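Consider the single chain below, provided in structure tokens and representing the form predicted alone.
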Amino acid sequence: MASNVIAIDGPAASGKSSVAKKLASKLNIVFVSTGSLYRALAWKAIGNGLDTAKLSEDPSRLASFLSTTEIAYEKPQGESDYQVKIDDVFPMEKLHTMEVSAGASNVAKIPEVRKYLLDFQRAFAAKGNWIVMEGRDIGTEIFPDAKYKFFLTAAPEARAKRRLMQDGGTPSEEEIARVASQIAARDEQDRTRAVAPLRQAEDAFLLDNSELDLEETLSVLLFHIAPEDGGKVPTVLRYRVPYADTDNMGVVYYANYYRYFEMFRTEFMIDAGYPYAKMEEKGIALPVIESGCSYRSSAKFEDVIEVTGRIAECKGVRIRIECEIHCGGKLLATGFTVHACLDRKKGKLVRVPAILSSLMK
């Protein structure tokens, strides 16, 4: 049986923590940062006068340190978010000093420490609560049975730009290249380290968010989580047929089905977090270059029809959306539209936006 865990793995600066917090808030579940757990242990060790770089050299002292440590994830009084608590203390902002960061890197290399936290994390999830956890080995080592696994990544240049822009201003190409080189080196180090190397679980959904903002990344993740677990409900356009849509025989005029497809696309794009207005702000258009409809039965005046659909194909500059129209559980029509992705200003074809290709299942 799968654990009630949403595992988000990926390299440094891929947006794991930010999207994990957003996702937990959206689903009203607990967000657990593995980094904060290691930081908490490092904070305690430093406070006790221990050298985190040499902690593993004295097995008895290490064993004593871990056996006398109580760690938990709870809500501090007056706070809305869960925080790590160690020995009845919430360190909070004290975990984010450079000294603690360096100490966390040291203790994370110790197998006994990783085993200690592995047991805690699994015991926490075993209580039955849904949790979102991010790191580098959540879906591979800590929760290989997680119900949902995501692996976020982005080009080193994209991650470098995001990191530099956090401090404000516009970074130069030279700055971006310098930080991107550092990030690429960190990636290689994480992939080849002996303990818990960075790797994508075979059953994880891979999302390259180089071209996505935080809200778009969140939207893609929600589309890949089942509605019963709090994910996005598939888009369904419900429409009561007006008299103006019918012909002299009292049935919906055949060309109106294409309008229904378009109405569905509008709602689908809104649900996807990429409405047409946002798309146009980015200078993108999706003109229809091919369409088709197969009619099975007729819709009539005042019928309530339901239009559903999906992104069936995304290749290069083309995207195909397939739709079905039902009424009272009866299939009325199936159809499709094929769109070209166009740069409105340059009048040239461009690659389909990443968020749309990421919504394919």
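One-based numbering along the sequence shown. Between two forms, the rigid core is defined as the largest C-alpha subset superposing within 1.5 Å. Everything quoted here is computed from the prediction, not taken from an experiment.
One more form of this protein should be noted, the form predicted together with a small molecule, which is absent from this view; the next part is about it.
Put simply, of Asp208, Asp190, Asp271, Glu216 only one has a heavy atom within 4.5 Å of the small molecule in the predicted complex, and it is Asp190. Proximity to the small molecule in the predicted complex, taken as a non-hydrogen atom within 4.5 angstroms, holds for one residue of Arg265, Arg199, Lys278, Arg114, which is Arg114. In summary, the region of this chain contacting the small molecule in the predicted complex, judged by heavy atoms within 4.5 Å and restricted to 84-92, 170-178, 128-136, 279-287, corresponds to 128-136. None of the heavy atoms of Ser56 is located within 4.5 Å of the small molecule in the predicted complex. The small molecule in the predicted complex is not approached by Ser298, whose heavy atoms all lie more than 4.5 angstroms from it. Though the partner is left out of this view, Lys147 does not reach within 4.5 Å of the small molecule in the predicted complex, counting heavy atoms only. Within this chain, Tyr38 lines the site of the small molecule in the predicted complex, having a heavy atom no more than 4.5 Å away. Relative to the superposed rigid core, Glu290 undergoes a CA displacement smaller than 2 Å between this form and the one not shown. The rigid-core alignment places the CA of Ala244 less than 2 Å apart between this form and the one not shown. Relative to the superposed core, Arg114 shifts its CA atom by 2 Å or more between this form and the one not shown.
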